[in-house]
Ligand code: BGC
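In structure tokens, one chain follows: the form predicted on its own.
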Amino acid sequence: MKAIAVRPGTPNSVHQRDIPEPKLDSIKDGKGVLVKVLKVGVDATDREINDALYGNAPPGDDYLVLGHESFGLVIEVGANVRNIRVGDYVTATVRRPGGSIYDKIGTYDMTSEETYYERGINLLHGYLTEYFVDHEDYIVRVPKGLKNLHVLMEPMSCAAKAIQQAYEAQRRMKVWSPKRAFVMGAGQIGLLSTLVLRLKGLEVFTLARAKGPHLKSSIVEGMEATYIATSETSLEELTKKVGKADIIVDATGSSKIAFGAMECLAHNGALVWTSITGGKNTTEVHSDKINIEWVLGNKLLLGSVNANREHFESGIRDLALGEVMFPGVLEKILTNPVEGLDQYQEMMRLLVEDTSALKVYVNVADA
């Protein structure tokens, strides 16, 4: 069957290849699920793997099948599968367990091991193919009423986890009731973080460079948040106008902005970094000022990456509520469909060249 893969370590090696069809009996405890791939989302991670910045092939292979944002239809299930049925729409988690205690209790996104396993990213093949098999534990049902949002399930899980982790950590405060949030960046993670925070009742300011009106600003405003163009109003100016934020989510991919946000966090606040910056840039910060304000202000910085099944499920619930609260808004994130695996070069072109492409995804097959 067809698959889109790279040769890890070799820049610009993306290609189409034939790989063996997956077998349901490869899952030995009878809990295998065979999924027909319908759509796969792609993002900067796939672009950076093709740039050979990171990514490793599974043992025994010299290639890595791309794609970690899956949406598909269940074709067959193993004899011991109980919670997934043929005909269900599903997505699949990305990280897989290693051997640490965190892996063993289901929080495999928090592994303490240096080696990690992620489908389509590191040591496991991804979903940019025609079919895949996985264990029931990593397959998550998607309500039929949300099939129009298809590949948003995985990025939504990351946004849901990031904010959930902040609230979990802030239990240290005994009573924490944030009122104001800044979201740095209006890509898919920034927009979905905006949704989660709005559903929690916060006043949300989502910041990005370009002056509106445009698609991103309309999505932010459609969720009853405020879009701020940093080309007109800097983060510092916004802070002086409305006050510091109780929670800040950085999703810019810029370490300069991530560190700059530290000066705009309120007492007892939480700053969440979701970006991965793989470059070698340096930036100057007001380290003494930040140091004293953070110590005296009991401020928290946390990093959040990937997600486990719990976050997928809570993210899907938030998407469902978001569809009811803000009908028609979330679907606007899905901007750039690519028709078929054969069009992988166009997929990569959009990721590399088209700055207006908010969400690129491949239509692999019809249901």
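None of these values were measured; they are calculated from a predicted model. Residue numbers here begin at 1 and follow the sequence given.
There is also a form predicted together with the named molecule; it is not shown, and the following applies to it.
- Segments offered: 335 to 343, 314 to 322, 295 to 303, 39 to 47. Contacting the named molecule in the predicted bound form at heavy atom distances within 4.5 Å is 39 to 47.
- Proximity of Glu118 to the named molecule in the predicted bound form falls within the 4.5 Å heavy atom cutoff.
- Though the partner is left out of this view, Ile276 does reach within 4.5 Å of the named molecule in the predicted bound form, counting heavy atoms only.
- In the predicted bound form, Asp250 stays away from the named molecule, with no heavy atom inside 4.5 Å.
- Shown alone here, Cys158 lies within 4.5 Å of the named molecule in the predicted bound form, counting heavy atoms only.
- Interface residue among Val94, Leu195, Leu128, Leu152, judged by heavy atoms within 4.5 Å of the named molecule in the predicted bound form: Val94.
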